[in-house]
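As structure tokens, one chain now follows by itself in the form predicted on its own.
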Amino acid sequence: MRVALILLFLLALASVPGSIFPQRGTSPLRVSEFLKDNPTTGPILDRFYMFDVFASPWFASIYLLLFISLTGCVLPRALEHYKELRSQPPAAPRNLSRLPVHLEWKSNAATALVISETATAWKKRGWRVRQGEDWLSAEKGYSRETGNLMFHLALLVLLMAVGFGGAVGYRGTVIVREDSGFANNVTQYDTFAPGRIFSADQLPPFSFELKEFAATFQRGGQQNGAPREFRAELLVKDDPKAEPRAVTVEVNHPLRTSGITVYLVGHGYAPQFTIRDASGKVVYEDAAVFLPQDSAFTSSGVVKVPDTVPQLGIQGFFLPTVTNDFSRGPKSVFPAADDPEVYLSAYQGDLGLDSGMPQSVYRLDIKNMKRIGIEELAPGETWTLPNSGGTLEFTGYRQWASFVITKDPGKGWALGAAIASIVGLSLSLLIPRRRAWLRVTAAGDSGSLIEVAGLSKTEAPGLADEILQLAKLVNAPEEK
């Protein structure tokens, strides 16, 4: 057990780098940016799997050793406990007065009657009883060890369930704008983390369209602006030939289809722009996803237009409810789009898209670009870009929702194991293990000496009171 505790500590310690460094399974773009920004230390860290911590050989080794250690600890104990359950309580010691709790008195009752009737009374109280000619042995509290074993067996099942789910399942995230859709294909995901033995060919062919997203916020009071309801209205096709069905996805009410679960985890705004070049040709007409920066949904984002000469980049903020106080920069005062505006900076130059290095769609590389102007726009307003850069029109906004799509066939087992571990731990902590004995000894002409004693195998209090209650159940005919 000591080895298992050491390995559990090492497993927790080994997980620390996974929260410090970006991981390829969840943030591949951040890993690429880290390697680009750290050309010396990046490859060294990569060699030691710092960007694939939970898939590294050394993490898997600790995980496997912990599983083996727990198995080697629990299975022999379970066998011994099974044998103990089938065995009888130990015989009464010769000298009961040496035990922690001891009571004695004299009685004229027949020894056989005292033993038989006391055995019946103690059994009714839930004690396992063994009878001798002039003694009685009883024991209870086996559920304590049963709970302890249940807890550790549940940990084994939990480890297997997590390992199995991580190997054959997957987890992905995607942002979908209103009136846009998603098809379950690897290329559609923003991030995709498959299990080690999961193949992209196993993705179920479902799809959905986000028809509408609605969010409500508290207005007034101490929690002004606090979220109150998020709701995504989807049209779901469980397979390409199926008829679309309307599904409402809310927090804690996910979409379940084809063995996977789709959770609604976030939302934001996507301002819509129409950009024309100097000749009036439309070079960009779409809604760009802007990411929230605070609780009032002050959102930042970029628009990249590579089809102009020189290339055009827009960097800006979307404010759902604009404020007139810009002492700390543009900001929103309420998350709902009551009075939306955008604050934009325009750049011309090289976007860096031809370098071969992947770029974040939420970040603009301005190293080889020059800012040509800044502007604020309300919906419907148009900005004539300097340097014959054309025009930019802010046509409105759409909302977007972010979804986490997971397949984890081991989660049911993991949930059951977690519940079993809680039950087992409760049993092992709350149920005391007790032993009690009764001995009747001849005391000459004055009748018999009756002794009742008890012993606790744990430090739980209440032994003296429990032995006193057992002593009161001992048959005393002269008191009837």
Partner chain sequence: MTVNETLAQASNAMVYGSMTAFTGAMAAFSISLANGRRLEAIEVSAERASASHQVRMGSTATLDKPAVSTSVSDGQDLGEGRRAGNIGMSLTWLGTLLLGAGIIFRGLSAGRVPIGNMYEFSLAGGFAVGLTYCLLSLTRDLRWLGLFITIPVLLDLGLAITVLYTESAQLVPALNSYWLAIHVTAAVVCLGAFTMGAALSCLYLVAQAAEDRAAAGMEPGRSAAIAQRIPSADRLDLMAYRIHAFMFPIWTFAVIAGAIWAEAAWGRYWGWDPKETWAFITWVIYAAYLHARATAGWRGKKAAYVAIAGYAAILFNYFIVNIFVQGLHSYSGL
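Residue numbers count along the first chain shown, from 1. By rigid core we mean the largest C-alpha set that fits within 1.5 Å across both forms. Small disclaimer: the values here were computed from a predicted structure and weren't measured.
Beyond the structure shown, there is the form predicted together with the partner chain, which is absent from this document and is the topic of what follows.
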Looking at 332-340, 183-191, 94-102, 379-387, which one sits within 4.5 Å of the partner chain in the predicted bound form if you count heavy atoms only?
-> 94-102
Can you pick the one in S32, S69, S421, S448 that has a heavy atom within 4.5 Å of the partner chain in the predicted bound form?
-> S421
Single option in T248, Q88, Q223, S295 placed near the partner chain in the predicted bound form, where near means a heavy atom within 4.5 Å | Q223
Distance check, V162 to the partner chain in the predicted bound form, heavy atom within 4.5 Å | yes
Does F151 reach the partner chain in the predicted bound form, with heavy atoms at most 4.5 Å apart?
-> yes
Considering only heavy atoms, tell me if E229 and the partner chain come within 4.5 Å of each other in the predicted bound form.
-> yes
Tell me, yes or no, whether R144 is in contact with the partner chain in the predicted bound form, where a contact means a heavy atom of each within 4.5 Å.
-> yes
For the stretch 395-434, which residues lie within 4.5 Å of the partner chain in the predicted bound form by non-hydrogen atom distance?
-> T406, D408, K411, A414, L415, A418, S421, I422, L425, S426, L429, L430
Core-aligned CA displacement of P100 at least 2 Å between the shown form and the other one = yes
When you overlay the rigid core, is the Cα of R77 off by 2 Å or more between the shown form and the other one?
-> yes
Establish whether a shift of 2 Å or more occurs at the C-alpha of R125 between the shown form and the other one, with the two forms superposed on the rigid core.
-> yes
